[in-house]
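Let us start with two forms of the same protein chain, each given on its own as structure tokens and named structure 1 and structure 2.
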Structure 1
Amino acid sequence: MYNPLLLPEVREMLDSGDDAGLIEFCTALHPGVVAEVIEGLSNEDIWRVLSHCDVNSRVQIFTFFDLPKQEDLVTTTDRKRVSALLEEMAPDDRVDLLERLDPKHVDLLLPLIAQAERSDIRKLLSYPENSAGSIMTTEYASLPQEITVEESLRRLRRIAPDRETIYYVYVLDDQRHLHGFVSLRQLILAKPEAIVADIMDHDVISVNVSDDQEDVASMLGRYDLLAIPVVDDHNCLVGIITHDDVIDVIQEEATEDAHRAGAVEPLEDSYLSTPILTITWKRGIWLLFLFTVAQGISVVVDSYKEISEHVEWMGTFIALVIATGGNAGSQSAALVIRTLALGEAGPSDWLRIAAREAAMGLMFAVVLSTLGFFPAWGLQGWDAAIIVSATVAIMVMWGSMIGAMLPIVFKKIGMDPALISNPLVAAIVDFTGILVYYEFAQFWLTPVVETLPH
């Protein structure tokens, strides 16, 4: 919203060499607004603008660019400028960026970074992708348990500028084992002579460094925390994950689920930032699979061509029968996938979910088969009404069960339930729906079928 209004002025300041104006532009506006405005400039001009602010402001503005833009910027400027920027970035933000860069480029940058930051980068890069360790920051506040509140506050004032958050302060021993935590509010309200060990909370909710980031986001939301500590297998504190990082995870996971629900392999970057060939490939995989299923449906329909030729109305109701079952299955899949994602149920609840879907499927079957009975009767007579209404009832119940159970099966075997996309469920139900439709028709119309030529 700010780009069209301010971008021409920024270009004019660059062209006229208005250093004072550029300094005011960088400092007077929110870093996010500055990033939004200058993103429309060339990479060279972006760096020219960033050179007019101090390193802290430069880092804040830079981190508001999306990752593809950050990658583009750091690969089109000299390594010395990039290394100075990386040293001041938050550990989790710089690791997110470095993971996208070519390893050879990273190897050239690391020697230019201070030893402490370099060691931190190597450690964070070693954690598996999408794990708690890969999104945590090591800039947390900690205290020993034997000091007073007064001494604690003095220490926090000293270390606060270099910490991501000081609202939660973690209590550690000399080996960095996590014993508890104390909030800044507790420290402020406590008596100065009180000992940290006496006011800290011993029941610490933490996650392991190898836990999945989606589980971490769920846990932080469940307990309404601003940050959550990350420990190793020995209960030593190695970092924290803050609420802003969890918001990014939630958005990322929600985007992945939305893509998969539409039968698209998730994109790593935004739609407009992703090359057309990449999107084509990610969509094409699923389209090819669904096309193959559709071909299978065509083969099944063709195998019943004799009955179709002699009972001409059969083709009239194909779309009604298979679409109803597919829609019911897609609804069930969407509900169960979201339920599993929120942790409201798990594979162990499959029987309860199956019972609920069976009950709902039965109610839908009664209503929809009744609605299908009378139009079929009016158009094609008694036989058509029986076949269509019975098939609709069977497919609604079958679709509901398939849509509900497949995500649970995927969750049980360790796969992402979101892989069960709506088009996939619809394709499976469509395929079985055709079989049920024609087989039931053959059963019901046995006298007619027996008269067909063989």
Structure 2
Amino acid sequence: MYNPLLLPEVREMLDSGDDAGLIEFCTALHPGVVAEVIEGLSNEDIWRVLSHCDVNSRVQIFTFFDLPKQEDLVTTTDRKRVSALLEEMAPDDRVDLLERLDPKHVDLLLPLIAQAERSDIRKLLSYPENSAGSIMTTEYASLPQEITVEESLRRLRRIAPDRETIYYVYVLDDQRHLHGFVSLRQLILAKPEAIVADIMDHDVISVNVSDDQEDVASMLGRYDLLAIPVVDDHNCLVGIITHDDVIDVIQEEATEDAHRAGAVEPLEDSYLSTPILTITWKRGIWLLFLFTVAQGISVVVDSYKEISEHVEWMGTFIALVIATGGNAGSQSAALVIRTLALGEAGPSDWLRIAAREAAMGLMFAVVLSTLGFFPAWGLQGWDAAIIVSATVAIMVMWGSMIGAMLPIVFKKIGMDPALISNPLVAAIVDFTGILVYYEFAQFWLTPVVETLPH
């Protein structure tokens, strides 16, 4: 996203050294808007603009650049400037950036960062990718149980500037065990002399630090929370994940699934900012795999040479019989993968899903094999009509079933159901479809073939 509207004015202010104008520009607009505008400048000019605002706004504006841009900016300026920025960044944003940098570059930067921040970075970097730990921030607001509401508000005022949010506050003991939760709304509405322990919610919805980010996102979404606390195995609070990070996770996971549905290994950055050789590779491996399956189909067709030689129209309906099964399979896979991703159904629902697919497959089989019968009859006569419509009927039922069941099997054995892409289902169904088509033809036509001269 890039917003060129104000760019000429910013350039003008830079050229004329209008410091007051630049300060005003950096502070009056939302930091996300500032980032969109100055994205059009050279890296050097971006740093010049950023030098006009206080460190807080600078960090905020910087965080609104996408990660490839952030990486580009920090690798083309001096390390002191970068370390000052990193020290002030939110822990989760900082780790996202450091994970992208060359480890050698990180090793040069870390010594310039204050000790406390450094160990926070090391800790967060140690959590596995896509875990709750890898997306959480350690800058949460917490309170002890026994203080009053009035004292709580005083403490929140003091810590607010460094906290990602003060709207959700977690109630901890000395060992940081999570005992309760209180919202700022509850605090504001409570009597000043009330005790936190008496007004807090005891049933806190939390996630474990090793939980998958997708499960965290669906939990925050399901309960309409602003943030969700992350605890370790001893129920000690180690971080929080806020709604804005969850939105990013949801978009990321939806992008991954959309790419997989098209048989592309998911890209990490946007389509336009990913190097072309990376995309070629991430498509190429799947394309090659599917090409090999298609070659296998050719070999199968070739092995039925005898029948093809006698029955010239066999080739005419190949595309029809395999595409229809593949399409029904794509549909089932798309529906079931999405319903699994949203947590609306799980592997234990397999029988219900199978029953639905069987019913739908049967309806499609009746309609499509009838519709396929007459054109085949018109083009090539009775034998063709019977073979084509029988194959279509079988394939559409088989495609629906396999497209629905494969994602469930993958989920059950702990793999990502989204690996069942539409082209993969189509390839599997195509392969079996060809076998069904020729075997049925061989069965039906055997008397014909045998009476024909060799």
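What you are looking at is a predicted structure, and each value in this text was computed from that prediction instead of being measured. Residue positions are counted from 1 along structure 1's sequence. So that the term is clear: the rigid core is the largest set of C-alpha atoms that superpose within 1.5 Å between two forms.
Taken from the form predicted alone is structure 1; the remaining one is not. After superposition on the rigid core, the Cα of residue 434 moves by less than 2 Å between structure 1 and structure 2. Core superposition places the C-alpha of residue 22 2.4 Å apart between structure 1 and structure 2.
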